[in-house]
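Next up is one chain by itself, shown in structure tokens, the form predicted alone.
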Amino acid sequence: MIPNRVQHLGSHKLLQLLLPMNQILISDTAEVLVARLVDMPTLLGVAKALVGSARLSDVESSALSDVTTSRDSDLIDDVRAAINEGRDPLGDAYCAINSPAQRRDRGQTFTPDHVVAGMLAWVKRQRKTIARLVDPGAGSGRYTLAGLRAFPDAKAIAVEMDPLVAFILRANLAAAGFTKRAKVVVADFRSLTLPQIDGVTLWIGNPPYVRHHGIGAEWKDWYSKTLKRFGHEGSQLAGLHLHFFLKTLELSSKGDLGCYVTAAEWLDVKYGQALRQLLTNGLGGRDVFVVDPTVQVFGDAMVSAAITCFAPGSARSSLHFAEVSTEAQLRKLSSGNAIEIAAAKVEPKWSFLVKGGRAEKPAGFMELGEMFRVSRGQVTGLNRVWVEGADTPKLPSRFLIPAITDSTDITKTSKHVINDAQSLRRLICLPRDLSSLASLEKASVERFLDWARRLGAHETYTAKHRNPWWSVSTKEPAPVVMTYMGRRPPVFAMNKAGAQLINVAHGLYPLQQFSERQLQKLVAWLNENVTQEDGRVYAGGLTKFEPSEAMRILVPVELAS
């Protein structure tokens, strides 16, 4: 069955609305062609005409059971011609029909041509004869088609889970005349088995970006066990792209090459330690290119990119790091600073290596982390349930705790001080044991829990890992709080109201005694001097401060005395 996403939307005016939202950069001529494809029946009908009588997987056949083959010969010819010019009108139309929000849970972010070209340029400089190309999470086949054009003697394995996208991939291959050189596998890449071959396999692509919340327990277990088999430990918080790196190591042979583009956060975060270990031991890291946030790689995903190049099984003494700050540099991907493997192994924050290593701490300054422990606010699992709202069933007031529940609670304070708990919303904190409650209280709590269940509060990832699921715990109030995400520097405020804090902000907990006057001076200095560059800047100008990044903020030593 065709998903009921968009029906008969093929107007040029509609496409002008959709394409900027998805940030698909195509020419006027290409835009007109895509406008003719922007409804699912037309798109799939044209794809079916291109694929012809080729054998499909069972899941594709089922998904396409009610699709009628297009008879619009002009449209079919125009699409075929565009594909042979190196464009992807079918993929562009799919992205226009399916918004970024719709594709996010599936990890579908289609890669711009200049990124594909740059990654293949790096591969060609390695001067190896490519016998086989494997494209995990192949999407509409941008890497597969470009790779088959770049390496005329190679064959390809394109792996894609979504049957409709896999069918679009087949159509692109058929239009380009590559059907006999490519095999489409409609499956999860992690379940793939491949025979060994004589010759080099190139692993290239854009692994799907799915956070750990969207990964099943069985695959998290697979990830941990497979890492241990290779002698490494890993976090169950790892995103799907790290699973793909690990699967690549499992399938690859010595002498192969790899080049993946992913979100760049693995360079520094704790769960990325496993990939950092793999690149320095087994996966054979060669080059890491970190793309400046001003150069947008993922047009419809607000993340910064890293392109990671590797040669499984190779023994190297150094790993190269480079910053990419222009599209021209992205198309070329020239190697950067050489960092000794031994140094990379002991550095927990690889973003420093991109700049050649850690800068020395200037005289008279210390890190904020030497004065404070910075901690995330409480994760509730579903704020619309656990933060009291207009539709929340009435609860005893003793279970309603004043809390900072929005960044504006910090940014709109007077003189950067949160004084009035009465102006704050309430965090719902129920006792673990409900059996001791008085009958009236228990009845109101039960009514609330029934309401919470109807909203799915008991089924969130956080609730399933909380015992009991309704018990949102409280912490010692942080005397200083800070925003951590936005298109501006973070804002710091004193929490004189003693409010609780949910995961809209971080709390700063002193490691030594500070007077109120000292905290006021510190907060004032931080608000005047911390810049966006101190944090992690994402594509589109969004800046994020993880607790570890906040603790690396440099502050004058005098503020600690």
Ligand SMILES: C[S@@+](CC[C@H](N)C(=O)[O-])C[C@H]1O[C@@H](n2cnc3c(N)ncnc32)[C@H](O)[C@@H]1O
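Residue numbers here begin at 1 and follow the sequence given. Everything numeric in this text was worked out from a predicted model, so none of it was measured.
The same protein has a further form, the form predicted together with this ligand, not shown here; the description that follows concerns it.
This ligand contact in the predicted complex: P208, any heavy atom under 4.5 Å:
Yes, P208 sits close enough to this ligand in the predicted complex that at least one of its heavy atoms falls within 4.5 Å.
Should L430 be counted as a contact of this ligand in the predicted complex, where contact means heavy atoms within 4.5 Å?
No, L430 is distant from the partner.
D188 versus this ligand, in the predicted complex: is there a non-hydrogen atom within 4.5 Å?
Yes, D188 sits close enough to this ligand in the predicted complex that at least one of its heavy atoms falls within 4.5 Å.
Just to confirm, G381 within 4.5 Å of this ligand in the predicted complex by heavy atoms?
Close contact is absent here: in the predicted complex, G381 is far from this ligand, nothing within 4.5 Å, heavy atoms only.
Among 140-148, 231-239, 454-462, 435-443, mark the stretch whose residues have heavy atoms within 4.5 Å of this ligand in the predicted complex.
After filtering at 4.5 Å, what remains is 140-148.
Any chance all of G107, V165 and F244 sit within 4.5 Å of this ligand in the predicted complex, going by non-hydrogen atoms?
Spot residues vs this ligand: full contact, yes.
Of these, I339, M161, V374, A311, which has a heavy atom no more than 4.5 Å from this ligand in the predicted complex?
Here the answer is residue option M161.
Would you mind picking the one in S252, Q273, T280, T111 that has a heavy atom within 4.5 Å of this ligand in the predicted complex?
Selected residue: T111.
Even though the chain is shown alone, can you say which residues of 51-78 have a heavy atom within 4.5 Å of this ligand in the predicted complex?
Not one residue comes within 4.5 Å of the partner.
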